[in-house]
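Only one chain is given next, in C-alpha cells, and it is the form predicted on its own.
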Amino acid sequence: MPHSRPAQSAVGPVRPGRDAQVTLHPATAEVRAGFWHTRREVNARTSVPQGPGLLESAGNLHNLRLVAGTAQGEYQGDFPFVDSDVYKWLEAASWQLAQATPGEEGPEGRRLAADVHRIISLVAEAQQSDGYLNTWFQIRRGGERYQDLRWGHELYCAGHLIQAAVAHHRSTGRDELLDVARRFADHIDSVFGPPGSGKPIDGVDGHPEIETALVELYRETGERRYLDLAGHFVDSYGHGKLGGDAYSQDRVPLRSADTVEGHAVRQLYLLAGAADLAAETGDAELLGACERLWQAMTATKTHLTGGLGAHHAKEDFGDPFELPNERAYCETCAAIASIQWSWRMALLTGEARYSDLIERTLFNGFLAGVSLDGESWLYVNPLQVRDGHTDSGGDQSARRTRWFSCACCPPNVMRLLAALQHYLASGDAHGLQIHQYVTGSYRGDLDGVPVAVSTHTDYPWQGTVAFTIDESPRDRPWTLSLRIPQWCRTYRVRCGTETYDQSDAPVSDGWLRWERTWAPGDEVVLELGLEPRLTVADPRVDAVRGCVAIERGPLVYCLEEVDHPGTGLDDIVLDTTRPLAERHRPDLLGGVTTVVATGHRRHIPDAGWWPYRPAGDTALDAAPPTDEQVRLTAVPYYAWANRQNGSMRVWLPTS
C-alpha cells in the first residue's frame, strides 16, 4: 500500500496518523465565496443555531437532565438513539467554531460557543461514574446495559459522542468533551473484546458507527487500544452475533463480501471504519474489500444523484440495478455516509473516481436533503413524485419537514456542511491535489515548506476555475493536480501564456497534473465544458428503461409541477431531437442555471375499468405524442421542493 507522511495537519474529521499507510493527506482549505459558501452560510446562520432549540423541543436535552438529576418528568422520544442527535449537533457546532478567528467571533459566535459549553456541561453531568452514558437505557430500561445490542444503539451513540469530542478538541483545543469521550471509550474497552481477552462481552452494535470514532480517538490521543477495539468490532460483523441477517451487516464478514447489502447507512458507516483501519494498519485485505465493495455499489446500486437505498422497508440497498424512482429511499444520511467513506478511499488510494462520486453526491443526493433556507429537511430523496401525490410530511416523506421523530438527518447535514472544507483538497510529498472546486484557498506543505493556491470560480454555473500560486518554494518543482470530473467531455487549461486542450494535456487516472517550479503570482486557468447533456441508464435498470435524464456539469436536473402549470408531469415525453438550452435565472431559487427543453404532452385514451389490454390492440394503445408541444424548464435537483408541494421527476420518457 502507498505510504506518505502528512504535509500539514488539517483540522477536520479525518486525520490519518503520521505512519498511516495512505497515499494522500487532507490539506487545509477555505471557502470564501460562491456556491458552497452560500450553502455554508445558511448552515452557519440558520441551521446550526436552531439546533439547541429543536433539541430542546424534541426532548433530547430534557432526557440528559433527567439522567443528570436536574429535571423531573417522563422520557421523551420513541427511539434509543436520540442522544446521538445531540452529539451530531455538538460536532457540527464545533466545526463551526473552528471557522472563527479567536477574539473575532462576534455575537453569533459567542452565543454558539455558549450553547456548546452549556450542552457539553450537561452531557458531562449525565455521564455515570464508570463512563457509561445512554439516556434510553438509564431511564427507560432501568439501567440495563448491553442486553439489546441489535437494536439498542448504545455503541452507535457512543461513536457520535466520540466524534463530537474529537471535533471540539481539534477546533478549540479544549478537553472537557474529550475527557467525557475517553471515559466512555475506556468503559467500552473494559467490557467488549474477543474470547480469551478476559472481557465479558464478545458482541457488536447493530448499527456500526463507533468504528470510525475509535480510530479517530486513537489518532487524537495515541492510545493504541482504541484502534485495536475498532478492529475487533469491524471483524465481529458477519459471524451471527446479531442474528446473521444482512440488515445488521451480520450475514457475511466484510472481508469476504462481494457487494453492499442491507441497511445502507449501517453498511456505509462500517465501510468507512474499515477504510480507516486499512489506513492505520496497512491491512491490504481490508483495503481490497473496500475497493471491491465500492465498485459493486457504484456500478449496480447507486442512483444518478449519488443517492443510495432502494427500499423504504429496512432502509435497504436492494438488489443490483434495483433503482426505483418514486419509491427510491436515498436517505440523506446514506448520502453523507457515502461521502465520508469515499473521502477515506480517496486518501487511501489517491484515485480521482472517489472524489467524482463525492462531487455528484454533494451537489445532488446530499444537498437536496436541506431546504434553501436551512429550516426544513428531507429524510428520503426520491427521484419522482407523481401527479396527485398526497403527503402530509414527516419521516420517510416526499415533503420537506421542520424536524423528524427520527431526527438523524438534520444534524448530520449540519456537521458535513460545517466541515465541508475538509473534503476539498489533499497533499502528498509531490504537491497539492484539488478535489473540489470552490472560490477560496488551498494550502499544504512540502517537508515543512508551505505551498498555497487561491482560486476564483462561479462553479457549478460556469466551468472556469482560475488558480493563483500564492506561496511556493522558488527552488523546488512540485505538482498541482486538478481533478477532471468523470462527466466532463471537453476541457481546456491555460498555464501562463500557453493554452492546451484534452489532446495535449491528457488526464491520468482522473487527474490533470502540472509539475513546475512555481512562483508566487503564477496562474493556471481550467475551463470545464458545462454543456447540458442527456444521460441514459444501464438497460438493466428497469425503472428508467426508455428514459433520459438532464444533467449539466455536476448537477442533475428535474422537472417540477410549479414550472409547468396545467401540465401533468406524468404525461410529458421529452423530444430528444430538439436541442437543450441553458438560461441563468438569478431570480429563481436563489440564482440557478435552468435547462430549457422541448416536450410533448401525451393524450392517452381511457381504457375503461381495466388498464391492461392485449398486446397489439392499437385501438387502446397509448397515443403517441401529439403536436402539442410543451416548453420544459428543468431546475437543479438539489433545489426541488423549495417553492410549493407538487409533482417532480428526474427521468423523462422519450418520444
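One rule holds for the numbers: they count along the sequence shown, beginning at 1. Just so it is clear, the structure is predicted and the values come from calculations on it, not from any experiment.
Another form, the form predicted in complex with another copy of the chain, is not on view; read the next lines as being about it.
Comment: 542-550 is the region of 369-377, 494-502, 190-198, 542-550 lying near another copy of the chain in the model of the complex, near meaning a non-hydrogen atom within 4.5 Å. Proximity of T517 to another copy of the chain in the model of the complex: non-hydrogen atoms within 4.5 Å are absent; the residue sits far from the partner. Contact annotation: D538 falls within 4.5 Å of another copy of the chain in the model of the complex, judged by heavy atom distances. Under a 4.5 angstroms non-hydrogen atom cutoff, another copy of the chain in the model of the complex has Q295 among its neighbouring residues.
Proximity of P611 to another copy of the chain in the model of the complex falls within the 4.5 Å heavy atom cutoff.
Proximity of H312, L323 and H389 to another copy of the chain in the model of the complex is complete: all three residues have a non-hydrogen atom within 4.5 angstroms. Of the listed positions (E220, D250, D115, E261), a single one reaches within 4.5 angstroms of another copy of the chain by any non-hydrogen atom in the model of the complex, namely E261. Out of the listed residues Q486, Q462, Q128, Q99, Q486 is the one that sits within 4.5 Å of another copy of the chain in the model of the complex by at least one heavy atom. Along 351-365, these residues reach a heavy atom to within 4.5 Å of another copy of the chain in the model of the complex: R353, D356, L357, R360.
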